[in-house]
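A single chain, nothing else alongside it, follows as C-alpha cells in the form predicted alone.
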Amino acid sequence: MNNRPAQELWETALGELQVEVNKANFYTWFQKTRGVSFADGIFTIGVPNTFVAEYLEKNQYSLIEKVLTGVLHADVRLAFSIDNGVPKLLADRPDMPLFNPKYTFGTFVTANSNNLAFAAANQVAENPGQNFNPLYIHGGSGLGKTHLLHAIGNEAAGKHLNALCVSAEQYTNELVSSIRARTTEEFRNKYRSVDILLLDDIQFFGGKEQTEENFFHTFNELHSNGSQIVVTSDRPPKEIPQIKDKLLSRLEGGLVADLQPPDFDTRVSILQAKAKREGVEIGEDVLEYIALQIKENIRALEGSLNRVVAYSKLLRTMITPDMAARAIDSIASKAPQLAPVTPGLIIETVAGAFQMNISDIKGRRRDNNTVIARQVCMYLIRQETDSSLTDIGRELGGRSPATISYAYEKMSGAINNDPLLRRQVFNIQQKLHTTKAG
C-alpha cells in the first residue's frame, strides 16, 4: 500500500494526464479535481459536481485507471465524490467559465514559429471583424491553437462582446440534435447572433455534407454582419479531406497562419514562463533537460514539467536533472512508434513546410521558393537516409547525381550562413523525428 497522501499521488497522475489529453479537455474535466483517499485498492477522486463525475467515469475511466496504476505500482479501482466526499450524482451541470483564464496573450510565448498567428490573433481581438476575417490558424496538436482561441475569447469578454468558442464536433452534434428535436431556429440564433465565432478543429467537417452546408450559411451570415470568424485546424484549408470548393474559398478569403513546433530556445522559454506562473523554483539545467527530451508539442512539454514538480513533492526531493529524468522516463518510454525517415516522408514534410505540392518539388518549376524547397529535400535525404545520389535524383523527378551533389553543397553553405533557413531546416528535421508511424 502506498502511504503517500492521496493528493500528492493525484498530482503525480495529473502531470501525466496533462500529456495524454488536450489542453481544453484537461482544463474542463481535470483542473478542479483532487485526490481524496486511497484505501482497499480504491482511489477516490474529488470532483466539483455530478456532471464532471459522470463524464470522467464514462469517458476517461480507463485512462485514469492506467495512469494511477503506473503511479501506484498496483491495481486500482476508481470512485468519484462530490466536493467533500459525499457520494456522487448529487449536483447539477457546472457553471463553468467560457474561456480558460490562463489562456491569454500575455501567457503565450512567442517565437519565429508562431509570430504570425499570434500577431493576427491579437489584431483580431483588438478589432474584430475589421481585418483577417476569417482568421484560419493551423498547426499540429499541442502547438497553441486552442490557447489563441481562448485568448481572443478572453479579450472579447473583457469588452463585453458576445464570443462563442466551440469545437467542430460539438457544432455537428448540436446541429444533429436540433434537427431531431426540431429546434433548428434556436441553433441558428445561437450561432448567427454572436460578435465572434471561434471554431476549433474545422477539419472535422470534411465529408459531413449537411454540417458543412449549414456552417457555410452560418459563415456567410456572420461575415455579412461584420462578425469575426476564427477557425483552427491541424492542416491548411486545401488539405481538409472532402471539403467543398465554396467553403474552401471562404476559409482562404482572410488570413491563413500556421503554428510550427517550437525550437529548443523557445521550449526553454515556455518552461521558464510556466514555472514562473506556477511559482516553482527550478534550475535552468533541469528546464534544458526537459526541453531536450520533449520536442513534439507544447502540451507535452508543460505536462512533463507538471510531472517533474509532482514527483519532487511526492518524493520530497530537490528537482535535479537526474530526478527529472526519472520523472519523465515513463512518458518517454510510452512515446508512439515513429515513422521511419524515408525520402518520401522527407519530400512530403518539406512540401508541407513550404506550403506547396509534392508534384511541384519533383517537377520542373524554377521559381525561387520551389528551388529552395527542392534543394532542402536533396540536402535532408542525403543527411537523413542512406540513399545514393542516384537514388535521390530518382526520387526527385529523375535528376542527375551531379545535380544532387551540387545542390547538397550549396544548401550546406546556405544553412551555415542564413539563420532563418537554418531554423526552418531544423524545424523540418524535428517534424521528421516526431512523425508517428501510420
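Note that the structure is a prediction, hence the values are computed from the model and not measured. From 1 onward, residues are counted along the sequence shown.
Here the subject shifts to the form predicted together with a small molecule, a form of this protein not shown in this document.
Trainee: Residue 122: heavy atom within 4.5 Å of the small molecule in the predicted bound form?
Mentor: Residue 122: no contact with the small molecule in the predicted bound form.
Trainee: Is residue 253 part of the interface with the small molecule in the predicted bound form - any heavy atom within 4.5 Å?
Mentor: Heavy-atom contact with the small molecule at 4.5 Å: absent for residue 253.
Trainee: Any chance residue 143 has a heavy atom within 4.5 Å of the small molecule in the predicted bound form?
Mentor: The answer is yes: residue 143 has a heavy atom within 4.5 Å of the small molecule.
Trainee: Give a yes/no on whether residue 107 approaches the small molecule to within 4.5 Å in the predicted bound form, heavy atoms considered.
Mentor: Because a heavy atom of residue 107 falls inside 4.5 Å of the small molecule in the predicted bound form, the answer is yes.
Trainee: Tell me, which of 202, 298, 175, 287 has a heavy atom within 4.5 angstroms of the small molecule in the predicted bound form?
Mentor: So the residue touching the small molecule in the predicted bound form, by this definition, is 298.
Trainee: In the predicted bound form, which of the listed residues (80, 215, 191, 103) lies with a heavy atom within 4.5 Å of the small molecule?
Mentor: Looking at the other structure, the residue within range turns out to be 103.
Trainee: If contact means a heavy atom within 4.5 Å, which one of 179-187, 207-215, 316-324, 143-151 is the stretch that engages the small molecule in the predicted bound form?
Mentor: Only one stretch passes the 4.5 Å heavy-atom test: 143-151.
Trainee: Within 4.5 Å of the small molecule in the predicted bound form - does that hold for a heavy atom of every one of 11, 64 and 306?
Mentor: No, none of 11, 64 and 306 comes within 4.5 Å of the small molecule in the predicted bound form.
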